[in-house]
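Encoded as structure tokens, the following chain is the form predicted on its own, with no partner shown.
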């Protein structure tokens, strides 16, 4: 068995994904009968399953958890919109719900609320989702073949299912974390398979996708830090300095306490999301995510520090958790765009 700090090879990830389908973790059901990740969001029990599963997967490997999270969201959205995805196509499908920069600043928040948008902000929204003029970043398994994303078309947002072969795709060689996955810039050449709904339906679906993605990213990140806490606690219990175990030194106790405190706050935050998805406010979830990811990344740095110099070595595992948590913070538009989004979201 491969050690969790060692990146999975693409063939191994493909095998694990097939096994996840067989176990029902990833559901290929074309009806409402499946109960995989994000198959259901209409009850507290379903949300507990989604959050708990992603957190558990995040403990094992945040990159794999992220890949499955986005594929499951893509499958659920495709089913809702009436797209047909067979097993092979589903396993090679990923989702991108942001434009070429962040969360669209003011324009997306106002559009999602159904507020009146002045022409200049409509131009911003159109530019943000103009896939033909701008390349958008995605992170996915190397074998991805299909992308589901929103696009701007004739003054409205539509959903598009695009084949990789029909788009301009360039791989980003430098990548900070998610060693099992790859980063790409994708620019549309063809319109692909389009689904256009009325504005209120599109807004509702868009909000649901943003909320589910936000919760999933938080759950995976919490699982990753839980793994880091285990590594730090176990190491501090056997490493000695000055004739005593380092977990008896106040400086190490402080860092372990900071990690525990962060996890307790994170548990409380995730507990607030175990309600039907439609009952949760997008602005509240984004606020939680912005603060939570900052504290999780800081706590992961404490995990490295507990290990001392060996914590920076790749065969230890702690530094990979830091890099993966940083990658999670950057997904879905990242956390730095959230204050600008919220300024418009709460605007009266």
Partner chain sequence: MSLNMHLDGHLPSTHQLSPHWQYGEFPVLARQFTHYSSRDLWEADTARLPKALAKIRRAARGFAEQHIAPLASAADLAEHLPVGECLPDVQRLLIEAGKAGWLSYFMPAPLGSMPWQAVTQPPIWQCALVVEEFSRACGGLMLLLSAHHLGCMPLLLSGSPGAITRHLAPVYRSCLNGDPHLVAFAITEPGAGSDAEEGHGAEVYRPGVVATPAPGGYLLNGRKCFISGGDLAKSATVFAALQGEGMDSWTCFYVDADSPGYSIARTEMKMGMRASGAAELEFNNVFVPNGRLIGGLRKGWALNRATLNASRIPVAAMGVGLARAATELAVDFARRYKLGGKELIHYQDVQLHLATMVAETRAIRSLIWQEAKHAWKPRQLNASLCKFHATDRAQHVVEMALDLLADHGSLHEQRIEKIFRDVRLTRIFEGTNQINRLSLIEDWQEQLLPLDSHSPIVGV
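Just so it is clear, the model here is predicted, and its values are computed rather than measured. Residue numbers count along the first chain shown, from 1.
There is another form of the same protein, the form predicted together with its partner chain; it is not shown, and what comes next is about it.
Chemist: Has each of 255, 323 and 340 got a heavy atom lying within 4.5 angstroms of its partner chain in the predicted complex?
Modeler: Every residue of the candidate spot has a heavy atom within 4.5 Å of its partner chain in the predicted complex.
Chemist: Could you spot which one of 295, 305, 287, 41 gets a heavy atom to within 4.5 Å of its partner chain in the predicted complex?
Modeler: The option sitting close enough to the partner is 305.
Chemist: Name the residue from 164, 89, 239, 275 that puts a heavy atom within 4.5 Å of its partner chain in the predicted complex.
Modeler: Only one option qualifies, and that one is 239.
Chemist: With the partner removed from view, which of 219-227, 195-203, 154-162, 97-105 is the stretch that lies within 4.5 Å of its partner chain in the predicted complex, judged by heavy atom distances?
Modeler: Looking at the partner contacts, the answer comes out as 97-105.
Chemist: Considering only heavy atoms, tell me if residue 174 and its partner chain come within 4.5 Å of each other in the predicted complex.
Modeler: Heavy-atom contact with its partner chain at 4.5 Å: present for residue 174.
Chemist: Is residue 12 a contact residue for its partner chain in the predicted complex, using a 4.5 Å heavy atom cut-off?
Modeler: The answer is no: residue 12 has no heavy atom within 4.5 Å of its partner chain.
Chemist: Look up in the predicted complex whether residue 35 has a non-hydrogen atom within 4.5 angstroms of its partner chain, and give yes or no.
Modeler: The answer is no: residue 35 has no heavy atom within 4.5 Å of its partner chain.
Chemist: With the cut-off set at 4.5 Å between non-hydrogen atoms, does residue 123 touch its partner chain in the predicted complex?
Modeler: Looking in the predicted complex, residue contacts with its partner chain include residue 123, since a heavy atom lies within 4.5 Å.
Chemist: Considering only 309-333, what residues come within 4.5 Å of its partner chain in the predicted complex, judged by heavy atoms?
Modeler: Contacting residues: 309, 310, 312, 313, 314, 315, 319, 322, 323, 326, 327, 329, 330, 331, 332, 333.
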